[in-house]
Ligand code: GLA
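Take a look at this single chain in structure tokens; it is the form predicted alone.
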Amino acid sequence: MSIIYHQEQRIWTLETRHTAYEMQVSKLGYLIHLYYGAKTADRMDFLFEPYDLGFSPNPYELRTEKCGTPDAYPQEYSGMNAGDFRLSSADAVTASGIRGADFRYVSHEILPGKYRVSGMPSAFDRDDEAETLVIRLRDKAAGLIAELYYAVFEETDVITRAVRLVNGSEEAIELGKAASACLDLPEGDWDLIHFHGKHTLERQIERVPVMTGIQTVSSKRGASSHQQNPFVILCGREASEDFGDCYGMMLVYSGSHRIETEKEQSGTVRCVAGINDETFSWHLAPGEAFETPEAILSFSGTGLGTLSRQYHRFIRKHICRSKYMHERRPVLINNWEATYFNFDETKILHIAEEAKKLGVEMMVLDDGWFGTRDDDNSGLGDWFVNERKLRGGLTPLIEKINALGMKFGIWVEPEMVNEDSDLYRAHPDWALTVPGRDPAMSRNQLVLDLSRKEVVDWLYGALARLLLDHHIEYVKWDMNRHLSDIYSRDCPADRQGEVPHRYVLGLYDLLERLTKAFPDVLFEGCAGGGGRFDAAMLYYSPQIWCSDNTDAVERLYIQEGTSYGYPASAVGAHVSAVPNHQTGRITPIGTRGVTAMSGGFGYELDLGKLTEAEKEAVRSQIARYHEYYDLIHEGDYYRLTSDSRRLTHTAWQFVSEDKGSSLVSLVMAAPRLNSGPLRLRLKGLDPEASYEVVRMEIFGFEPPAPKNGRKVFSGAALMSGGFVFPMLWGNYPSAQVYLKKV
């Protein structure tokens, strides 16, 4: 049993392999958070000691005793307007004007298996591992019931949380906030790690001290966004890759989000995560319920690296549903940077023929194949073939590519529409625009109103026809603008605050129907690159295009930030042309391959324009990638460097689950004079075993022959002493070392 209820003390203990999570009902019915950390043999109720604070009120029951204030209680789901002035988890107003919530315990139940969240992605229980705890709280004045759901995944050291808010009164309730999880931490020196960015520079690592006050990580863009990922880490000031307490909180949500952290007057810290309440409201009639997105919590007492690997395993095992999570995905080539909109059948076939010669397995046709689409000003929404470019439609092209022995994939952007399109001319009311206001335009396109069922139904029909009528084995699903001018002509005026979340529910409905109807299609998520890189999208697509920035050096930092919460198997990464189309940087093709060989591997250039030496490099890359595939997609990932922008180099390592093999990758981003050979301490190996260096390859630089020809080392030596690379310099050299246990 991973959930234990101690009836006499009214304490719940949630246990995983290495962690424990405890909470207790206080004498007044508050649900108190006691402890989350390394597993212990003791109950942890001794940690809660009520105390009073000046200008912080007491519960009515303690009005004369002054021996405890809700403003100092560590609460599992904080209320509002009831004496706790810290971050609230829920805000509600009844039709009669009662504001806030004072949640007290009502009941609980322990259930086998994993709860589900209606209409949204959530973790699933693949091996009957999970148990669910439901705790019901109620505010007696407003009649608002909060059902708190906890699922314990023992083997992966993860606890998921979600909330169902029920109107148990006889009048309407307006929700203004509905968080997914609240986590209170004790006084201490905490750091907040978050992953900020912009288009083409996503998930940059920033680590800042938790200050007295409120720090917010959020998006109100209608998407999880390039700017702030819905994932944060709270860790001890001293925490490193391999040491210290670290707490992760990740939302399984693709829309506007907010994660707030508050250090209050006594030094304790509260973190609240959920839908961004600035763009949210929800009407609850009597008896109706609202379900929040899920939050994934994990704790590591042995540093950031352990926390990352816990998330990686959990996402691979309990979030990604596609058969391609564990089935091998093809090495692909995408024509976008080779042709942009300027292509025809002859050009695409030429790219495919050259790619096939080098071992590429799939040809992906990007933007421009549909409607009247010669640039980004027209055609979105018209999902029929542009026969001026592709004579006879898609089928002849697909048949010719299949005849080469290659699979065929295609790009779509279903959520968008151009004003210059047949779809918009027929249904202008299907776009999100504010009456009487000219809409803001991005890429000269508007967003379709996916909060409307008829829009979702129409899109499903159009995309299903495309997949039924053609032998398409891969779909790249793009989203190239965020939501503004949010107004639905299908929603009453007093419920427009529901539209952003209803849009996300419509998106999930569309993806659910398509992935179920076409389970053999490999879906890849994309939103201008990594603008919707979140656990919810991984529920439908096992990989996401990590960034529109294909520069091999910039990708090092993007992929490093991504690795803190998401597995390498989720990362779409390609070798592109040089000078790079985003930065103008020139990097060796070997280094481009090393960087891209950390996820779903492919190419984004015209391979026919390469030199013979470069073509041979491509053949070698694809052969190595096939050899290392299981290591990269299923192995444990270790950052050998951290915050690499401050270093001369970036290095990372994959280790197989049985510790039988390992792949070490190193890229020199800024070689320096007189630096000497580089020594890296490896991680994750079996210290008692011996490992042979099966292959060490240097790219972009020809080093002198090593003086030490030793090829077998103990795991202990490699982890304690390290592996010494030859001195590397020049324009972005790189290296890969493949080790096998002997």
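Residues carry their position along the shown sequence, with the first being 1. Source: prediction; values computed, not measured.
Omitted here: the form predicted in complex with ligand GLA. The next part is about that form.
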{"item": "Residue (of P74, G529, G602, G561) lying close to ligand GLA in the predicted bound form, criterion heavy atoms within 4.5 Å", "value": "G529"}
{"item": "Heavy atom within 4.5 Å of ligand GLA in the predicted bound form - the one residue of D367, D420, E353, E264 that qualifies", "value": "D367"}
{"item": "Which of 100-108, 475-483, 161-169, 432-440 lines the interface with ligand GLA in the predicted bound form (heavy atom within 4.5 Å)", "value": "475-483"}
{"item": "Exercise: Y424 in contact with ligand GLA in the predicted bound form, heavy atom 4.5 Å", "value": "no"}
{"item": "Contact test in the predicted bound form: Y540 vs ligand GLA, heavy atoms, 4.5 Å", "value": "no"}
{"item": "Close approach of W336 to ligand GLA in the predicted bound form, 4.5 Å, heavy atom", "value": "yes"}
{"item": "4.5 Å heavy atom contact, Y149 and ligand GLA in the predicted bound form", "value": "no"}
{"item": "Contact set, 401-433 vs ligand GLA in the predicted bound form - heavy atom within 4.5 angstroms", "value": "W411"}
